[in-house]
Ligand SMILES: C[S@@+](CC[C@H](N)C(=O)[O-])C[C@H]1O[C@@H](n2cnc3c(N)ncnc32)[C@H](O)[C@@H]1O
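Quick setup: one chain, the form predicted on its own, written in structure tokens, and binding and motion questions come after.
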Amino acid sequence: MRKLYLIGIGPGGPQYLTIEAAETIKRVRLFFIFEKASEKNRDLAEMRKQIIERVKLDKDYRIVEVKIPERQKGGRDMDDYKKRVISWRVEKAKILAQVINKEMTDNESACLLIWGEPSLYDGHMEILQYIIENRLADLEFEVIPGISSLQLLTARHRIPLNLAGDTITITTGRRLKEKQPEDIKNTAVLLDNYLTYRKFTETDLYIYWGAYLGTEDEVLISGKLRDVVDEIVRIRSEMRKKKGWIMETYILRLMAEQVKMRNA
């Protein structure tokens, strides 16, 4: 039976590979790289190739680029959004299954390099389950965990993700829009295309923001939200215009909830 490894590669640099991930890459000779139709995402594919090249010192491997369409855009209705995501993932599953059947022999293994941590915020496990359940390919898969953007964000800002005796909320910009200021105490936000933090500038919240984490373009900003929000918006706009894409992560935190050892 064919076997596919979903490998979390962290934020993009080979230094963020786990030993398990690196050892798996070393012994596998076939790699699939998803590449969206838009040229703006070309450098994401190139970064994956650089990781493979750096780890696979024997150069005995091949890379198959899997062309996938962009997700269809639509309104902000949540039910409509979920339908579009499901439709897109089904389409990706069918494309990947065709590539697997064409490129992999019966007992061959392959790797699919996943940005960040595949079990935290990613749809590839659902895609592979769809392939298996619908018998689109004879396949099994294994997940190799990676470093998440949240781990790198908290390390860069030298803060813990947790607050003593409290809860952690991990959400998206789309869902954050539904929250009220009083709901936010310690909230981590992934992929906010709406700049939703602007909704909370009249609060006492602090923000710990990072973009392109782990790459040479890494940007970090922190401080009271009302004081730094304009800088974040400006830099975000400049970088997105320059690169054509942006990956950002941030934490909104009410500092009154932070236990201060210096006051003990």
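These numbers come from a predicted model, not from an experiment. Start at 1 with the first residue shown and count on from there.
Heads up, the form predicted together with this ligand isn't pictured, but that's what we're talking about next.
Visitor: Hey, of 212 to 220, 227 to 235, 194 to 202, 50 to 58, which bit sits against this ligand in the predicted bound form at 4.5 Å between non-hydrogen atoms?
Guide: Heavy-atom contact with the partner occurs in 212 to 220.
Visitor: Of 247, 17, 251, 25, which one comes within 4.5 Å of this ligand in the predicted bound form, counting heavy atoms only?
Guide: It is 247.
Visitor: Using heavy atoms only and a 4.5 Å cut-off, determine which of 137, 110, 190, 144 is in contact with this ligand in the predicted bound form.
Guide: Going through each option in turn, the one that passes is 190.
Visitor: Just to confirm, residue 85 within 4.5 Å of this ligand in the predicted bound form by heavy atoms?
Guide: Answer no; every heavy atom of residue 85 is more than 4.5 Å from this ligand in the predicted bound form.
Visitor: Test of understanding: in the predicted bound form, would residue 120 fall inside 4.5 Å of this ligand by heavy atoms?
Guide: Yes, residue 120 is a contact residue.
Visitor: Taking 4.5 angstroms as the cut-off for heavy atoms, does residue 130 touch this ligand in the predicted bound form?
Guide: No, residue 130 sits far enough from this ligand in the predicted bound form that none of its heavy atoms falls within 4.5 Å.
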